[in-house]
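What follows is one chain in C-alpha cells, specifically the form predicted on its own.
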C-alpha cells in the first residue's frame, strides 16, 4: 500500500496525486462502482475507515473521509492518501480547518468520480435532514446511524419528518435478519395478531423501528420494553387465536423461534459488524420504500 501526505493542499493537487499513485502502481483508477463520502470526527475516524475499506472489498470505491478540525485555525486542507492492494479502491482522509469546515462540499465535489453513484455516510452525529445538508445533497443515498444519537428514538422521528428518497439508517439495516425471520415465520397461516412486544436494551435504536414495522404490517399494537440486552433480545406476538409467536435471542448469536403447534427450533441471528451493515446498504442504491413507510408510521404513532 502507498500512502502520501499533503499539507495545506487543494482538491486539484489531491486528484493529481491519486492519478500519479495509481499509475505508478500500474493500476489506473478504473473499476470503481461508487464514491463513498464519510463524514466523521477524529474520535471515530479509525473505526469508520476500517468499516468503509472492508465494505469496499465488495464494492470497490473511492472513499473520501471528511474530518472537520478546529474552525478557529487558519483555513487549510490536509490530505492523507492511501492506495494499494491492502486498500480496495482509494482512500483520502481530508482534515479541514478554519472556514473550510463550513464548506466541505466545495472541497470534495471535485474529487467525486464522474458518472457513478455517490453515497454519504455519517457514522456519528448526523443532520436531522440529511438531504438538505451541503454534503448530503451530493449523494443519491444517505446513510445515518441512530445508534450514535443521544436519543435514538427522537433522532429517528426527526429524520422521518425530513425524509427524502435515498435516506436510510443502520439501525434499520441491523433489523434485516430479524425481519427476514419474522416474515418467514408467517409463511404458514397464523391468523390475526392481537398485539406484541419488542424487548431490547434501554435506548436501543433498532427496537422502535422493529416495533413500528410490525405494527404497520400486522395492523396491531406492538410496544417496546427494556431488557438486559445486549441489543435486541426478543419479539413476542400474541395471536388472536391463542398462543404466542416468539423469537428470543440471549447470546447475540443464536435465537429460539417458538410458534403455536410447531416444535421450537434454534436459528442463527448474530449481531453484525458495521462493515457488513454498510456493505448491505451499498448493494442497493435505490430508495428504501419499506424504511420510509416504517419511519412515517413511527411519526404518526408519536402524534
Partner chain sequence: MSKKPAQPAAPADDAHQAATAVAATATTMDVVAANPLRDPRDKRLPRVAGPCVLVLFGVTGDLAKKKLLPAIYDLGNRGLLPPGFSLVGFARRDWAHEDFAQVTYEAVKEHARTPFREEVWKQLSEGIHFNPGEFSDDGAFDCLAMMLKEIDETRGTGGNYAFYLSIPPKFFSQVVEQLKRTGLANAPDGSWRRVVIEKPFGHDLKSAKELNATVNVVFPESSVFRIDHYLGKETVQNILALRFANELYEPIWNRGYVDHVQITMAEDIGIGSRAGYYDGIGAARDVVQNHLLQLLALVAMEDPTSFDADSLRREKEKVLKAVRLPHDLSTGTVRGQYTAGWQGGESVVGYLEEEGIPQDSKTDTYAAIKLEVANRRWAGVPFYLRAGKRLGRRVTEVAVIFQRAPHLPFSKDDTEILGQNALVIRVQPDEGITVRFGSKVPGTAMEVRDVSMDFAYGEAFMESSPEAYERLLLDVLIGDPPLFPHQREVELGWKILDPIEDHWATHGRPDGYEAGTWGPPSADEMLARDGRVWRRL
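Quick caveat, the model's predicted, so the values are computed rather than measured. Residue numbers count along the first chain shown, from 1.
The form predicted together with its partner chain exists for this protein as well; it is not shown, and the discussion that follows is about that form.
- You can rule out all but one of 144-152, 197-205, 104-112, 214-222: in the predicted bound form, only 214-222 has residues with a heavy atom within 4.5 Å of its partner chain.
- Relative to its partner chain in the predicted bound form, residues 187, 254 and 257 are all within 4.5 Å by at least one heavy atom.
- For the residues 135, 92, 182, 96, the 4.5 Å heavy atom test against its partner chain in the predicted bound form is passed only by 182.
- Though the partner is left out of this view, residue 191 does reach within 4.5 Å of its partner chain in the predicted bound form, counting heavy atoms only.
- A residue is said to contact a partner when one of its heavy atoms sits within 4.5 Å of a partner heavy atom; residue 284 meets this definition for its partner chain in the predicted bound form.
- Its partner chain is not shown here, and in the predicted bound form it never comes within 4.5 Å of any heavy atom of residue 121.
- Among residues of the shown chain, residue 236 is not one whose heavy atoms approach its partner chain to within 4.5 Å in the predicted bound form.
- Contact residues in stretch 263-293 (any heavy atom within 4.5 Å of its partner chain, taken in the predicted bound form) are 263, 265, 266, 267, 268, 270, 276, 280, 281, 284, 286, 288, 289, 290, 293.
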